[in-house]
Each structure stands twice: as C-alpha cells, then as structure tokens.
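Only one chain is given next, in structure tokens, and it is the form predicted on its own.
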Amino acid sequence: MFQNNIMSTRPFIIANWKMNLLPDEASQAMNSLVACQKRYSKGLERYSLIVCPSHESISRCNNVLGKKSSPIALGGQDCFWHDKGAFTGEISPISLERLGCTYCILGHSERREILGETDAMIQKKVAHLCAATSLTPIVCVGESRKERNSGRVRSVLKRQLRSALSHVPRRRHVVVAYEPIWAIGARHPITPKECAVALAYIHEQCQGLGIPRMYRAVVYGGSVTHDTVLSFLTKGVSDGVLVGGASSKSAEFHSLLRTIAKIV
C-alpha cells in the first residue's frame, strides 16, 4: 500500500467525486482519467493519484484500473465503524478494501455539516478502519467562517485532530486533509501563506499525538482548481491536495493534472 517513506516523497492528488457520477458516468470518467494519466505520466509519476468515487461506482472503476494496469489508487468516501449488522445504508471498511480501495475519506465537512457527524463518530470510524483493515484514512479537519472570525482556528483543529487520531496505531500511515469550510467555493479562498500556517499547526499536533513525519501527510482541500493548485503544491506549502467537485468534471480535472505535470 505504501512504499518507502512515500509520505515524505510523493505528494497526493486526491479526487473526491462525491455524488456526482452514476456508475456508467464514473466508468467513462475513469477511462478518460487513465488516458490522461498515461499521457502525462512523466510529470505525474512523482505524485500519488487517488480517486474516491461514490460507493456504487467503486467496482466499475476498479475494473477499469485493472484492465488498464493503471497506478491510480481508489478510495471510499466514508465508512462505518462496524463490519456487519443492522446499519441500513452504511458500508464497512472491509467491504471497501475488498472492492479494491486502499484509502478512505473520513470526517468530510459535508458529512459533518449536512449529516451531523460528530467528533466522536469520526473517532470510531478512524479507529475501526485502522483496526480492521489496511486502508489508509484520509481524515478531514477544518474550521467554519464563524470559528475563524472568532479566532478559534487552532482550538477547532486541535479538538478535531486529537479526537480523530487518538486511536491511530503508531507507525500507521495517515493523511490529514485541511479543508477550511469557509474557503470551499469562496470567491476569495485561502492564501498559500494562511494555508501554510494552518498546515504547520496540524503537523505540530500530529507530532504531539505520536505520528512521526514519515507516517503522515497533510494536504489541502478547498477551492482547488487548475488556477490555484500550484500555489498549494510548490514551496512546500502542503503534501498534496484534495480536489472536490472539480475532479468529477473531466476537462477541468485533466487541466489541473496538466498544470501539475509541468512542474519542474
């Protein structure tokens, strides 16, 4: 799943397709993405490219990747904290692993805001995923505009991180995605300087929780487009990016990848 300090050497490009593509559409998008990755493979080989389709599309996407022998990895968009049981509509991390996933997003801002997921729920999901599978969690954290305006950025991040990562075993790889809620879809998103400050604090907290640098990556998510992606990937600002809705639009995402591939 991970090779030789991949956390410190290969930035992540994580595509969260959300609930935007039906299985047939997802299959077509994956075929197109595989072709794009192959075309720009020389520039993209320095990155770990992960796609997180909706759950019903994972199998179709995995089939495409298998037939094309593509290095693109798959991730789930969420999972539950049990393997089986009377939990209607949920999916277990074991199911995701058997479907071909090697990553799973947990604690996404949309699930926190729209579906009412709490820190305690996210903690249980991360803990069970780590205990039951070899999946790598992509744990999302971030503050709202109200929290930011009231000077609570650090306290919010500290609370979310300490809860979510409290049961992550030592020497277990983890990706933390910083997605400030106020910056998602904003006309004036976060600046690279503001991003760097927040990411440095997240690294500090992770170190305090006993997660060594070589076992963690901290990426940025929030209004990442082909116009902004380089500002978050260059000069050591982040260990990668989490791209939301833009990643499910093939033309837009391919443009972003072309931009990344040209980095010297």
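We number the residues from 1 along the sequence you see. Model, not experiment: these values are computed from the prediction.
Another form, the form predicted in complex with phosphoenolpyruvate, is not on view; read the next lines as being about it.
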query: 4.5 Å heavy atom contact with phosphoenolpyruvate in the predicted bound form for all of P11, R216 and D239; finding: no
query: Residue stretch of 49 to 57, 221 to 229, 26 to 34, 62 to 70 approaching phosphoenolpyruvate in the predicted bound form, non-hydrogen atom distance within 4.5 Å; finding: 221 to 229
query: Contact residue in the predicted bound form, from E110, E194, E147, E90 (heavy atom within 4.5 Å of phosphoenolpyruvate); finding: E110
query: Contact residue in the predicted bound form, from P169, G151, G185, G116 (heavy atom within 4.5 Å of phosphoenolpyruvate); finding: G185
query: 4.5 Å heavy atom contact, K18 and phosphoenolpyruvate in the predicted bound form; finding: yes
query: Distance check, E179 to phosphoenolpyruvate in the predicted bound form, heavy atom within 4.5 Å; finding: yes
query: Residues within stretch 237 to 261 having a non-hydrogen atom within 4.5 Å of phosphoenolpyruvate in the predicted bound form; finding: L242, V243, G244, G245
